[in-house]
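A single chain, nothing else alongside it, follows as structure tokens in the form predicted on its own.
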């Protein structure tokens, strides 16, 4: 059926290919919403900003800090010095980033007027001083042995960093330079090393992304493909399919301020009603792994022995009855999601699985902007999202600390735990080995409190056509675009 449908649509699109043959076209499910690393909070924006803006520090696949623009040294418990590396890339205007750009970028993140979601994790910066053109000193209000992990904000030119609203025309020092952006989700970049044009084009429907790839109207597609489409593409000799285990953590989130969902019994009933194994097998074709926490077990602060909330309909029904719900008083909940076809399919599976234990789930789907705006504003009961590219333990403060409610962070469920707040704050004062012990305790507490129903880590699946050299990053990043080449040599 999939083959017949795609074949028919290919015929319809046969005369529609008017693309520039020299450009590399990357078809994505969601276009970036903001091209400003100080304000980015969605996965698409984070990934594209990493192409446009270099950072002082990047994190490897275990979450360890690695120097990019700057090397750091700790001069005291509350004093860090960053030396910019001589080989750092210039900004798009040809000027090499200097200490004043670093100072302006980090000061802007700390400015309440900007309302950066990253401000909370950096609020303990007391002062930032340019010692000389290539040296910056950070003074902190408290001890923070893990401070280098927080130096991952893309660096803007000082003039742009002083703006108190989002940058519209980014001028970073990343591997790609911004060219233009259109209102239909199309973004054009230029690779600075060789001038190669890159077009990032939003194509929300996965079938249409596949068709564009097969017709030569797109060169790359990554993730957000249903399993039958992946299986179909795996058999096509004209394309190359690459799969890599991922760190993308999918979860079902609760509004803890909702009077019904504030009750742990109800949240546990929902958790035990979901059959993750069936969803991974049938909707992901096995290309996902069950997850229990936002950090993978292999991360330096990860937890590998968490007791899962297993699929147990009888326990779910018992918990509902204890909470006062049953056939005479059914539990009605509203679940918000995007219009992405795969996410809608997952929503309908949730709906059926919850119905089996007596929970009526209403699905409300919206375009991405409306959906994400509602989630940040707390206008939901249940929703599902995924943390993409997470490899810093800072995520525990950002997502679960009571001071991180939007816009100060991403505690979207309005969770409050004195225990988690204390563990996160104490961990931030310790060296990595000691901090890991507390961070694991914090994750166990979040898990036990059922802030999320942890779902799975989604594998990264990349499909390429008339290009070579692309493979998805461990966290689904787009950094391989720095090396990808057209097969004809361009």
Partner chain sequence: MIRLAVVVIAVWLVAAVAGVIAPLDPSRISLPDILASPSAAHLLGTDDLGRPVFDRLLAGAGVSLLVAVLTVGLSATVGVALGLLAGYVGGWPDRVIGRVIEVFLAFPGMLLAIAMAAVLGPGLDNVIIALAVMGWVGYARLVRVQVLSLKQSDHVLAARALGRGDVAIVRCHLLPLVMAPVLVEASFGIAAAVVAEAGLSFLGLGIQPPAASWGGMIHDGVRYLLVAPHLVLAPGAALFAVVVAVNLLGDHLRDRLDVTSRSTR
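The shown structure was predicted, so the numbers you read here are calculated from the model rather than taken from an experiment. The term rigid core refers to the maximal set of C-alpha atoms that superpose within 1.5 Å between the two forms. Residue numbers count along the first chain shown, from 1.
Keep in mind that the form predicted together with its partner chain is missing from the display, and what follows is about it.
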{"query": "Partner-facing stretch of 276-284, 390-398, 305-313, 94-102, counted where any non-hydrogen atom is within 4.5 angstroms of its partner chain in the model of the complex", "finding": "276-284"}
{"query": "Partner contact for residue 194 in the model of the complex: its partner chain, 4.5 angstroms, heavy atom", "finding": "no"}
{"query": "Contact of residue 132 with its partner chain in the model of the complex (heavy atom, 4.5 Å)", "finding": "no"}
{"query": "Residue contact check: residue 145 to its partner chain in the model of the complex, 4.5 Å heavy atom", "finding": "no"}
{"query": "is_contact(residue 127, its partner chain) in the model of the complex, heavy atom dist at most 4.5 Å", "finding": "no"}
{"query": "139, 402, 243, 207 - the one with a heavy atom within 4.5 Å of its partner chain in the model of the complex", "finding": "207"}
{"query": "Partner-contacting position among 232, 300, 72, 366 - heavy atom within 4.5 Å of its partner chain in the model of the complex", "finding": "232"}
{"query": "Its partner chain in the model of the complex: contacted by all of 434, 436 and 440, heavy atom 4.5 Å", "finding": "no"}
{"query": "Contacts with its partner chain in the model of the complex, stretch 336-358 (heavy atom within 4.5 Å)", "finding": "341, 345, 348, 349, 351, 352, 353, 356"}
{"query": "Core superposition between this form and the one not shown, C-alpha change of residue 243 at least 2 Å", "finding": "no"}
{"query": "Large Cα move at residue 85 between this form and the one not shown, threshold 2 Å, rigid core", "finding": "no"}
